[in-house]
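In structure tokens, the next block holds one chain alone, the form predicted on its own.
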């Protein structure tokens, strides 16, 4: 998404902005480990020497501070969105972990879940100027517009799900919603909004039941617009992490999700890998301690570190190709 108008209105200039990348962790269902994954990625990333900011964007249900092992701070995102503070830096809190700070979304009012477009754009512009190399977004569950917008406006779109039917179903719903939201917000596709809006209604009378149906309808109506849509779809490359894996068949679910996304969405999802089920996670949560610190020799920590190394290497390769 770098280098063209973003989904929240600002233009990306990755060589001039302070933050190198924003990683967003989303999913369609609560309890899939988004906060645990967000905090673990942030801690692992900070250990590489990069300055990291973890942001809890689970508005109204934030708990990132617990998985980071810190107390609730005095100022949160609610203070920024309600304009009690003018600078996002006023909401940044320290942690005991070197190179890692965080912004809490805890203690927010119910109304904070409905963030106006102008506020979202202001927030994203401010976040890209914070004193950090990488920013980690811990998103809320579900398909609220602000959740999708923060997911899509990030540089790395990570989706996590469990190898369970309800989690897989909600994961597909999240991806489908993000897919349609991305097309809807693209100014070059305003002419296709009638078809996109129809497609977003699962019970529409046009027979559009999937994103591939949408593309076929748009092609019949306006081939040039369909070409723009195809190019936009190809730029959408979400990444999948399967959590709490217990068996080999659980691992294979990730490949099945990747295949389905290609067939019905036309997108090439990156299956980054899986995290084994580990009782250490629950022990750490009960103690209100980060699993990365409480059980540093666990298989889960090794997998997280490997994942971070992969994403950093991929980013470095992309920057080299641009330069």
Partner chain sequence: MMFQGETNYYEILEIRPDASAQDVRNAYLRLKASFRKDNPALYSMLDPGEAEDMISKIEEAFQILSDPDARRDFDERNGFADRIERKIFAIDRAPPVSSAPPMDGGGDDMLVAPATDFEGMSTRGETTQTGISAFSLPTQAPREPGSFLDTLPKAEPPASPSTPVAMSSPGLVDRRTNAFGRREADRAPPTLANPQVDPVAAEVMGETEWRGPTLRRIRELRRYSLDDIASLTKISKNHLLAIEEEAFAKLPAPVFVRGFILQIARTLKIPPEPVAAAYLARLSKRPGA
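Computed from a prediction, not measured in an experiment: that's the story for all the values here. Numbering follows the first chain given and starts at 1.
As for the form predicted together with the partner chain, it is not shown, yet the points below apply to it.
Remark: residue 255 counts among the residues lining the partner chain in the predicted complex, judged by a heavy atom distance of 4.5 Å or less. In the predicted complex, the partner chain sits within 4.5 Å of a heavy atom of residue 273. Although the partner is absent here, residue 294 sits far enough away that none of its heavy atoms falls within 4.5 Å of the partner chain in the predicted complex. The partner chain is not shown here, and in the predicted complex it never comes within 4.5 Å of any heavy atom of residue 205. Taken together, the three residues 125, 174 and 290 lack any non-hydrogen atom within 4.5 angstroms of the partner chain in the predicted complex. With the partner omitted here, the residue from 88, 217, 135, 233 that has a non-hydrogen atom within 4.5 angstroms of the partner chain in the predicted complex is 233. None of 102, 150, 179, 195 but one reaches within 4.5 angstroms of the partner chain in the predicted complex through a heavy atom, and that residue is 179.
Contact annotation: the partner chain lies within 4.5 Å of heavy atoms from the stretch 236 to 244 in the predicted complex, the single such stretch among 236 to 244, 94 to 102, 125 to 133, 69 to 77. Residues of 280 to 299 that come within 4.5 Å of the partner chain in the predicted complex, judged by any heavy atom, reduce to 299 alone.
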